[in-house]
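One chain comes next, on its own, written as C-alpha cells: the form predicted on its own.
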C-alpha cells in the first residue's frame, strides 16, 4: 500500500477546503493506504515567510512530502490563484520535491470564475516540481459544501460525483489498476444476486458506507449508527438477506434486510456507487429487498435514514414508503427518520 501526503493550505478553521480534503482522505484510508497530513497554517509563520527551510517544523513537513509515494494538494481560491500559504511552502521545497510522485490537486472557491485555477495556476507549479503524474483534479464551489457542527459535511451531487471520480482515478493510478468508468447503466444488463454479508463483492459497498456516514455526520451520534448491527443479522438463517447489483463486472449498488419482528423486515446498508447514481439502481435494490422479504414471510418493511441524507429520504418516499415522522419539521430536530411500507400479499389461485 502507498504512503500519501496531504497538503492543506487553508488558513481558516473551520474550512470548507479541509472538509473536502477530509472526505478524500477517508476514501484513501478505506483503500488501505497510509495518509500523513501537512497542515500549512500550523507551521511557524516567521520561518515560513522568511524562507527558512531548515526550521525544524518546516523541514519535518518537507520530509513527510519526500517520503510519500503520492500527494493530495488542496487550496482555497481567494484572488484568482491558489493560496499564498501554499505558494510560500512550495517555494521552500527542493527543485524536484515531487519527482516520481502522483499528485491530485483540489481547489474550492466561491465562484465558477475560478474554475481554471487548477489548470492554469497550480498545475504548472506542480509540474515544475517534477510530479510524475498530475490527476485531473477538481474545483468545488463553496455553495456546494455544507458544513455542520461536529465536522459533518454534505456535498451537493454536482460536487460529490466528480470528486468521487477524480479520487477513484487517483487511486487507480497509485494502485496500478484500470479506472472504473461511470456513465449510463443499461438496466437490462444489471444483475441482482443474493449473497452472504461477508462476500468479497460486498466489500466496496460496506467500505463506501463507512466513508459516507463519517463524512456526513463527522462523529458517531444516535443519527449515524451503521455498524451496530452484526453482519450475521443479514444471513438467511437469521431471517435476513443481502442483495447486490452487478454491472460490467462491478458491484454498483446493494442493500440488506434483517428481522425486525415476526412480520417486519428492516432495510439496512442501502448504497449506490457515486458513479452510477440517479439511474434507478436504488429503486431496483428496494424492489429486490421487498421480494426477498416476501420470500421470507415478512409483511412489512421498516427503515430509518439519517437527517443529512435527503436523497435517501426522497427515494423512500418515491417508492411507496410512508414517513412515520412530521415531514414539515427540521430533520435535524428529529434524528433518525423512520419509514414503513406494507408488502402486498400475493394471491394464489387454487388449481
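This is a predicted model, so every value here is computed, not measured. Numbering follows the first chain given and starts at 1.
Below: the form predicted together with a small molecule, not depicted.
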| query | finding |
| --- | --- |
| Single option in 216, 114, 276, 258 placed near the small molecule in the predicted bound form, where near means a heavy atom within 4.5 Å | 114 |
| The small molecule: the contacting residue among 241, 77, 270, 126 in the predicted bound form [heavy atom, 4.5 Å] | 77 |
| Option from 106-114, 205-213, 244-252, 184-192 whose residues, in the predicted bound form, bring a heavy atom within 4.5 Å of the small molecule | 106-114 |
| Partner contact for residue 327 in the predicted bound form: the small molecule, 4.5 angstroms, heavy atom | no |
| 4.5 Å heavy atom contact, residue 25 and the small molecule in the predicted bound form | no |
| Close approach of residue 338 to the small molecule in the predicted bound form, 4.5 Å, heavy atom | no |
| Close approach of residue 136 to the small molecule in the predicted bound form, 4.5 Å, heavy atom | no |
